[in-house]
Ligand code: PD2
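Next up: a single chain in structure tokens, the form predicted on its own.
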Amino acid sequence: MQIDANLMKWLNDCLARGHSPESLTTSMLQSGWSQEMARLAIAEALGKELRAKPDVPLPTRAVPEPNLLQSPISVQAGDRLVDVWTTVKFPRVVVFGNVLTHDECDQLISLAQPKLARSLTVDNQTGGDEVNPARTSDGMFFTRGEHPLCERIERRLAALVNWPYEYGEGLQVLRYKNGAQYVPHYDYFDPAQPGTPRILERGGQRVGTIIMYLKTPERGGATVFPDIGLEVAPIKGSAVFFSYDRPHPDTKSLHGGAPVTLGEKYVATKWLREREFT
């Protein structure tokens, strides 16, 4: 793939002025460059710097990305027009409105309720699951496309963030009762943990997350991003999307579910992998 000389000059000038690889990647994506071109161009521009500083993080994976060129107020997501409420360039966070109808939210809750049980987290030592006091919700998993409603929503999300349907995990539905929360955490799998290789066999790393709100609590329950001071209100039918191009805290993708202080909250989470999830 031929990299334009003017692009390389711009990248080198920006790096010399102290711009980070992450901010340059975001600028290129917003200007219409492809993920692959951005990755290759920045890798070439940073070649000398990386050899001198091997700990400098580089975007190493393509990530999902909604088509938000020219700052639209809504985008077509397959079968539904979705509103664009809030965008953050780095970390890449987008809040969407009207991703689901209220009827779809209610149906998904109804399908999930008989299978709800204490939520588990990944055991980094074994690659299996474990009960973790940091996560006090109840939850369940659908397999991808398990129900016509699930498949319709999952294909809508694939179109929304331009990521193959087959690269997505099945939906997870969570119920947060009064006082329940999920302390801030990362969704990627830590490469330093012994159980990670086993997890990655099914579809590689996670590269993006979509959290859809199925029921609005009366108070509390925001999705928080501590690194950037962002709180996303859990409004029924809306969703927050964020991506992370490598398993590293520099992605600033730390997030959590604040305690529900009145009522209860339901969410459906969709995790996106770097290749087909099996």
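The model shown is predicted, which means the values in this text are computed figures rather than measured ones. Start at 1 with the first residue shown and count on from there.
Beyond what is shown, the protein has a form predicted together with pyridine-2,4-dicarboxylic acid (PD2); the following relates to that form.
Q) Is pyridine-2,4-dicarboxylic acid (PD2) close enough to 174, 182 and 267 in the predicted bound form that each of the three has a heavy atom within 4.5 Å of it? A) Every residue of the spot touches pyridine-2,4-dicarboxylic acid (PD2) in the predicted bound form.
Q. Hey, in the predicted bound form, is residue 223 touching pyridine-2,4-dicarboxylic acid (PD2), heavy atoms inside 4.5 Å?
A. The answer is yes: residue 223 has a heavy atom within 4.5 Å of pyridine-2,4-dicarboxylic acid (PD2).
Q.
How about residue 263 - does it come within 4.5 Å of pyridine-2,4-dicarboxylic acid (PD2) in the predicted bound form, if we only consider non-hydrogen atoms?
A. No - in the predicted bound form, heavy atoms of residue 263 and pyridine-2,4-dicarboxylic acid (PD2) never come within 4.5 Å of each other.
**Q.** Contact of residue 211 with pyridine-2,4-dicarboxylic acid (PD2) in the predicted bound form (heavy atom, 4.5 Å)
**A.** Residue 211: yes, in contact with pyridine-2,4-dicarboxylic acid (PD2) in the predicted bound form.
(Q) So in the predicted bound form, is pyridine-2,4-dicarboxylic acid (PD2) close enough to residue 259 to count as touching (4.5 Å, heavy atoms)? (A) Flag for residue 259 set to no.
Q: Choose one stretch from 161-169, 70-78, 183-191, 95-103: the one whose residues place a heavy atom within 4.5 angstroms of pyridine-2,4-dicarboxylic acid (PD2) in the predicted bound form.
A: It is 183-191 that comes within 4.5 Å of the partner.
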